[in-house]
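Only one chain comes next, encoded as structure tokens, the form predicted alone.
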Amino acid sequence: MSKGGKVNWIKKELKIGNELGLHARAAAKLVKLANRFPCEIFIRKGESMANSKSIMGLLTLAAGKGSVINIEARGEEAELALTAIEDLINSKFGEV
């Protein structure tokens, strides 16, 4: 937390590496993971931004293989959430 009680955003840039990108099953895994954390988590692709706790929001990003996304989190357990999401994305959502 910064001075004045404001909570800073923690940001991380990641690349989608799985063959089908952020499709419905991958997005569902991300939403399920994000909902384990009490913090706010948003994912941005270009000018579009979605709440990571909304599967419909994530699907509107249309993040295909090779897409660069920015994850932004703030609040309680924000760093843990970013690390967990980074692990999920880097593991290609558990897909072969």
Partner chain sequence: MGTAFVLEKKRINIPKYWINNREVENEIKRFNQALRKTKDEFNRIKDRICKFEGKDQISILDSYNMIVKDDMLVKDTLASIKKESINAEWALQKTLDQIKETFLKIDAEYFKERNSDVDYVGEQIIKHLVGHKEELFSEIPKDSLIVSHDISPAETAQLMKFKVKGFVTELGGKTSHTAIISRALEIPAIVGCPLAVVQIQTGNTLIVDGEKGIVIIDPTDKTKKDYELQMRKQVETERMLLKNIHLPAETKDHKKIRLSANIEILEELESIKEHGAEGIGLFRTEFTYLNRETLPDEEELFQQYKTVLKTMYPHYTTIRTFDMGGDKIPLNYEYNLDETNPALGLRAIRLCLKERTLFKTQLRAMLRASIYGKLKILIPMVSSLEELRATKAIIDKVKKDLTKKEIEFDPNIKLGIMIEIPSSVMIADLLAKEIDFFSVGTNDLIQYTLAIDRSNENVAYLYQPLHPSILRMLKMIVSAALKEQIEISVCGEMAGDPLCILILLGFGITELSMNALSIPKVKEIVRSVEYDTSRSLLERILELDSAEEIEKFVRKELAKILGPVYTKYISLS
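Numbering follows the first chain given and starts at 1. All of these numbers come straight from a predicted model, not from anything done at the bench.
Note that the form predicted in complex with the partner chain isn't included here; everything after this is about it.
- Among heavy atoms of residue 59, some come within 4.5 Å of the partner chain in the predicted bound form.
- Interface residue remark: residue 51 is counted as part of the site for the partner chain in the predicted bound form, having a heavy atom within 4.5 Å.
- Not displayed here, the partner chain is kept clear of residue 74 by more than 4.5 Å at the level of heavy atoms in the predicted bound form.
- The partner chain is not shown here, but in the predicted bound form it comes within 4.5 Å of a heavy atom of residue 24.
- Taking a 4.5 Å heavy atom cutoff to the partner chain in the predicted bound form, the contacting residues in 23 to 44 are 23, 24, 25, 28, 29, 31, 32.
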